[in-house]
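The data below hold one chain only, encoded as structure tokens and taken in the form predicted alone.
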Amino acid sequence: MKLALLALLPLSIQAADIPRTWTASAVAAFEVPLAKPITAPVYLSEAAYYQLPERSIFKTYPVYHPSREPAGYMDWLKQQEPQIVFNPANLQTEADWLRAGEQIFNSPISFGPVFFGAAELRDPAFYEQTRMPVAADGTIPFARWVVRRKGEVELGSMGCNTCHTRVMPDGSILPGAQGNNPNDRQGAWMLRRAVKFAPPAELLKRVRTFAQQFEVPGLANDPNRAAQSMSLEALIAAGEAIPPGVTARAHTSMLLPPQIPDIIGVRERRFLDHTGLVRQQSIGDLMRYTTLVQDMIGPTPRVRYSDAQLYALSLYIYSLQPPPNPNQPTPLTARGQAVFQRARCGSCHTPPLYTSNKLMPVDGFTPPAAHRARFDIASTRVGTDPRYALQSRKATGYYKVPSLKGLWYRGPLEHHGSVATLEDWFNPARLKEGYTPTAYKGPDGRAASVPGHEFGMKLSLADREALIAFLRTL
């Protein structure tokens, strides 16, 4: 954690320092309007929100690969007493608040099978067939064991860690990075196994019911409705096609799933989500965004994070730092920096943040005049696939300009995760019909071009290699 963050925190955080998360005025202003207002959600009132009970944060314990679990570990867990670990009255220093935020980051909000269940994580075949990463210490950082009643050990998941944790090639764990847990492939694996024990017609009905959450009310030709006519095998195959680093999370799209964002450095970003749905003008906006995606994912929210929990979590997320970059400056990277400057890449990816923090309109959307007065909108269009920005519950008509920082440890790239590497991104072949994307290929797995962002395509091979080398130093 950088000392700069500590300098921005109060010496002693009091209740008065914690923003009120869900106020009528803040909720009315924190989102960019959707491109088609008919699809806009209706949120809980301030009074109804604060009537929801606060989530309890229990002590959690590591999940191990079955071959690495300490002897007697599960019997030991059954002897543990339930412990509530979050009590704001006990948080006296900045370090206390950051530790509490880390606990919340890793604390589950689901205690039943979602992408995986307890049986799957104790089955070696599950790891082999889904290629789920295992950390060097033998742990699975995407889930935690929880004791909420003595003698009963539950698998918890769907905390921030399930999607925003990356196991690096050396086995180290990087919290906040674009995750590499193969979420949707795991769900598909569970469905394939379930076919052996449950009537396929009943499974198909359940999957189609699940898929309805992605449909956009009032949107003509909604691509998400295609799930209602797909066979069970086609739906399973669609899940298997989604690579690690991409996921069909709530309010996104089952058939146009987005890349999981890297939230290291999120404090510097003025818009959240690929489509820039949420404006981040203060830590309160990050708190609102978190409760939006964690607490309000169903039609009838039943529990919420407290304001103090959201504040601690947001402070922790703001403190996250990238690992040391092994890609150090060389004469090649210096040449690449010169290419970056000469090609005017910085007009959108402006140093030192390597983003202009602007919204970029997609093809097929014209920003209303009122938007230009309220939001920082780029004058350039880059022609990338507009469907997620026009045909999802997050369809603002824009994509935010992404930061290039941390490209060396991220992937796959592009808002759908279609591209595996920077070399693939700058390959002119990706613009042509019949190209096979190197990462996410779409629900049918067929060849398709990856359109847009043609900048850099006309560089010489030597300049392209130098530019890529420079980008990996950021």
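The model shown is predicted, which means the values in this text are computed figures rather than measured ones. From 1 onward, residues are counted along the sequence shown.
There is another form of the same protein, the form predicted in complex with a small molecule; it is not shown, and what comes next is about it.
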- 4.5 Å heavy atom contact, residue 388 and the small molecule in the predicted bound form: yes
- Message: Whether residue 471 contacts the small molecule in the predicted bound form should be assessed with a 4.5 Å heavy atom distance threshold; does it?
- Response: yes
- Answer for residue 377 alone: is it within 4.5 Å of the small molecule in the predicted bound form, judged on heavy atom distances? no
- Are any of the heavy atoms in residue 254 no more than 4.5 Å from a heavy atom of the small molecule in the predicted bound form? no
- Looking in the predicted bound form, is the small molecule within 4.5 Å of a heavy atom from each of 266, 345 and 415? yes
- Message: Taking 4.5 angstroms as the heavy atom distance cut-off, pick the stretch from 244-252, 191-199, 89-97, 127-135 that is near the small molecule in the predicted bound form.
- Response: 244-252
- Message: Can you work out which of 187, 284, 397, 159 has a heavy atom no more than 4.5 Å from the small molecule in the predicted bound form?
- Response: 159
- Message: Exactly one residue in 290, 319, 165, 224 has a non-hydrogen atom within 4.5 Å of the small molecule in the predicted bound form; which is it?
- Response: 290
